[in-house]
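We begin with a single chain expressed as structure tokens, specifically the form predicted on its own.
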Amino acid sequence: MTDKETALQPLLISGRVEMRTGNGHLPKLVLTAARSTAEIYLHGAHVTHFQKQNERPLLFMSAQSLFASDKPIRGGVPLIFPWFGPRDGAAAHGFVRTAAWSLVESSVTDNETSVTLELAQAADSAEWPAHRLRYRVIAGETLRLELETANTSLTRELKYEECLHTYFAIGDIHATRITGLQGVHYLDKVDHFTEKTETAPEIAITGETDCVYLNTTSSVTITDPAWRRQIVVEKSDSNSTVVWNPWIAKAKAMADFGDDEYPQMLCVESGNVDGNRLTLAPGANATLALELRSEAF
């Protein structure tokens, strides 16, 4: 047992919060609640699994995903911080999704199991003021995620983007519909970042889709007739929603994504990106929270 594993022992709870060796020999936490299970890799604080009893998994994971200490995981819930999308000379979507996080708290109730992970405080640098991230994952009848960002600098503002880049498992993208975004302005990244307004009461995915909806705090519902369920995405302190599916050509271009996997996944991401990026005053903090629930119909 390594020193790190020994340090975690007091935070592990037999049958409820356990440490296992995951893919690529990366450590993962397995959470067991009364009627659900979840898995979180310490690599990137990446939630890779949530499933209620007698139901299909909520989250999509690519069978081609890379599990390596220097690569992001494809699927589940990647953590995006402190920038969203590509960045010259740096990794896309920030640096925390390949960072090593630490388990700092765990707790259980009759129905829920929760853990809190922390990323070691980042010291002041030329670009970023000192800051700390804490991430709470609560598995129960729903999956709840809470990402807290603290600006620990005494003098500098922290300006950042954040996103819980959630991949949902669905039966068939061709039949799936999204509601809750009608009337919202968005950037269509596939169409050269053209500014548009969503007119459809139900959004159908018919090709490559990468839309950044801005200034929206609304819940979003994914209706999946193939698996006869709805997924409800409820969020707080989030002003952006991103809808993404790579479709055929882009799926084939990604080394860590299967050519034929795009019909079984849909990203509906919650965060604060682009024009909704946040500014934290010295000593301030903010929490992006998300609750995901599924309902049969």
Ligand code: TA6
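Since the structure is predicted, the reported quantities are computational estimates derived from the model, not experimental observations. In case it trips you up, residue 1 is the first one in the sequence shown, and so on.
The same protein also exists as the form predicted together with 6-O-phosphono-beta-D-tagatofuranose (TA6); that form is not shown, yet it is the one meant from here on.
- In terms of contact with 6-O-phosphono-beta-D-tagatofuranose (TA6) in the predicted bound form, the residue from Trp244, Phe67, Tyr262, Tyr41 that brings a heavy atom within 4.5 Å is Trp244.
- In terms of contact with 6-O-phosphono-beta-D-tagatofuranose (TA6) in the predicted bound form, the residue from Lys189, Arg177, Lys159, Lys71 that brings a heavy atom within 4.5 Å is Lys189.
- At a distance threshold of 4.5 angstroms between non-hydrogen atoms, Arg97 is in contact with 6-O-phosphono-beta-D-tagatofuranose (TA6) in the predicted bound form.
- Interface residue remark: Asp210 is counted as part of the site for 6-O-phosphono-beta-D-tagatofuranose (TA6) in the predicted bound form, having a heavy atom within 4.5 Å.
- Lys250 belongs to the set of residues with a heavy atom inside 4.5 Å of 6-O-phosphono-beta-D-tagatofuranose (TA6) in the predicted bound form.
- Under a 4.5 angstroms non-hydrogen atom cutoff, 6-O-phosphono-beta-D-tagatofuranose (TA6) in the predicted bound form lacks Val108 among its neighbouring residues.
- Of the candidate stretches 161-169, 220-228, 113-121, 126-134, only 161-169 contains residues with a heavy atom within 4.5 Å of 6-O-phosphono-beta-D-tagatofuranose (TA6) in the predicted bound form.
- Residues of 98-112 placing a heavy atom within 4.5 Å of 6-O-phosphono-beta-D-tagatofuranose (TA6) in the predicted bound form: none.
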